[in-house]
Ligand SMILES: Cc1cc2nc3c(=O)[nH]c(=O)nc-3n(C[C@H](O)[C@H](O)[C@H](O)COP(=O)(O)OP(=O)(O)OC[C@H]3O[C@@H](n4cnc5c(N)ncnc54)[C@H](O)[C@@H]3O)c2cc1C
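As a starting point, one isolated chain is supplied in structure tokens, in the form predicted alone.
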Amino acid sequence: MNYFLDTIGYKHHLHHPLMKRIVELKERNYADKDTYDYAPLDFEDAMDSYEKVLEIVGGICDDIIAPNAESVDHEGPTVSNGHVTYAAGTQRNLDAVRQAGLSGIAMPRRYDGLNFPIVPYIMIADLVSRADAGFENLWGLQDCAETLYEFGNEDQRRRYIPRACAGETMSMDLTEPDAGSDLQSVMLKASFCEKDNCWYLNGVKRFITNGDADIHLVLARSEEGTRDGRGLSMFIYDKRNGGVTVRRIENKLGIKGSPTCELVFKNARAELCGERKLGLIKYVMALMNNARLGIMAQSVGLSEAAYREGHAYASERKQFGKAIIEFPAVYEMLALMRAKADASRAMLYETARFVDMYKVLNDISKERKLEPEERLELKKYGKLADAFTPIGKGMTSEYANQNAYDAVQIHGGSGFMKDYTCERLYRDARITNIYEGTTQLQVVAAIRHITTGTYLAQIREYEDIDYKPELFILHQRLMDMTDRYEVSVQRVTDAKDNELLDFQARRLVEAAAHCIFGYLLLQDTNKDDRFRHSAEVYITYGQAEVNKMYDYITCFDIEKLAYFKGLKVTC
């Protein structure tokens, strides 16, 4: 079983019409073909390369990563003398990925990368996550190389990116014991030494994924006397220089193969990445958006794995003389699990295409002046990438948790036992709606696109697509959902009360998401009828959810906020 070939969604999304534009821009009209013998000659050649690499990844997932997942979960990484040793299975996974040349594939060829767009890169993250979500954290931290490419100088790019492409590991060192979601509170000190002409880092970082990596991007306070985000800069730390030790590895609920470390920096030699004072304001925000797209992929992979485990067990397990998949209570759960997985995947690749378009045009703008049409595209896709990333990360991670929960429920008592994969998936999924920004923080990021109409405008664009006549009823239901969503937004914003807006924000964001997810599945069905089942199920579910939110919002009295705040509650 090849993980890439056994799922219809991958080739479907890989061959989206917008990919032709993305690939032409990424390849600069295939200019590299005269310099690199492995560069594509044209669009068809590029797509063939993506498919071949994805098939290789699908085979590695099936043959190596998935079979190692249980032992990795059991063994986990260890720390000795201030450094990490991976579980044996994790090391085998890393060796396989390196030997296949799958590190740094999104980086330009001049830095030893394959120059893949984000869509196939994220597709690999999706595949790997289905096999072992913990290992995806190690492979997926190649996003740090993207940040180096965007904001490092040419000397730094040439020194570090080829190392990442050769398989060296990376980490982003952001959080601290007193600075979790509030990164403005970071206090790790960066001091410049005139004599040595370099920076030295001192302090502690906590909850650092793959904290003993070869190359680190570190957020540190470079400006004396500051206590907010304007005093923070981004630094590159090379493990070869020493000065950082792993104090401990966190004993986590899930994703155990991925070492989450507490790091101690003692005069750790480092170099500035980009400009001073922009570490949080500019660089970390870009890094976090990249990481959130990766967590979306991780969530989709987990949703897919959970559905498959639930379906396989329900098909085999017999009760009262028949397989439990024949009982409505079970097949309803499975149908919704399948629909949520397909909807999540549709959202993932729609977002990835938006990010692809924005990033490649932004990159080209550093080489030459953009044409007027390109400037409009840059603005359009930049806004859509900014809007779709938080709502996508929030919803897909919640669905990963729901699918994992339902997979355990379908297994009954067996699902509570470590003998079954669903138990590990349940634990692994739990972090997805917490790290790289909780669901609540994704709502905070998304709500301005509710009030400014970004989501509604995009939904109306989806509404205007020419759908097949047999999809008329589904299309009509989505239009009804959108109308109720629009009324809900108007009801809240008309009150001109920020506290009410914050209180209702999650409902508004989820209502927008149900409309978007529903339309994306309708578009998938418009091209391939095999998605019809998921479209029917999801739109039925989404419509009921939007109606529920509409009723709650339109009936809500603003004075009731006091009860939720506890002002009138007595003990």
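Keep in mind that this is a model prediction, so the values were computed, not measured. Note that residue numbering follows the sequence shown and begins at 1.
Here the subject shifts to the form predicted in complex with the ligand, a form of this protein not shown in this document.
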**OP:** Report the stretch among 191-199, 342-350, 430-438, 399-407 that approaches the ligand in the predicted complex to within 4.5 Å, counting heavy atoms only.
**Re:** 430-438
**OP:** Could you work out which of N289, T454, T175, S222 is the residue within 4.5 angstroms of the ligand in the predicted complex, going by heavy atoms?
**Re:** T175
**OP:** Could you check which residue among H475, R269, K252, H311 gets a heavy atom within 4.5 Å of the ligand in the predicted complex?
**Re:** K252
**OP:** Examine L232 and determine whether its closest non-hydrogen atom to the ligand in the predicted complex is within 4.5 angstroms.
**Re:** no
Original post:
Wondering, does F207 line up within 4.5 Å of the ligand in the predicted complex on heavy atoms?
Top reply: yes
**OP:** Classify S414 as contacting or not contacting the ligand in the predicted complex by the rule of any non-hydrogen atom within 4.5 angstroms, answering yes or no.
**Re:** no
Original post:
Can S181 be called a contact residue for the ligand in the predicted complex at 4.5 Å between heavy atoms?
Top reply: yes
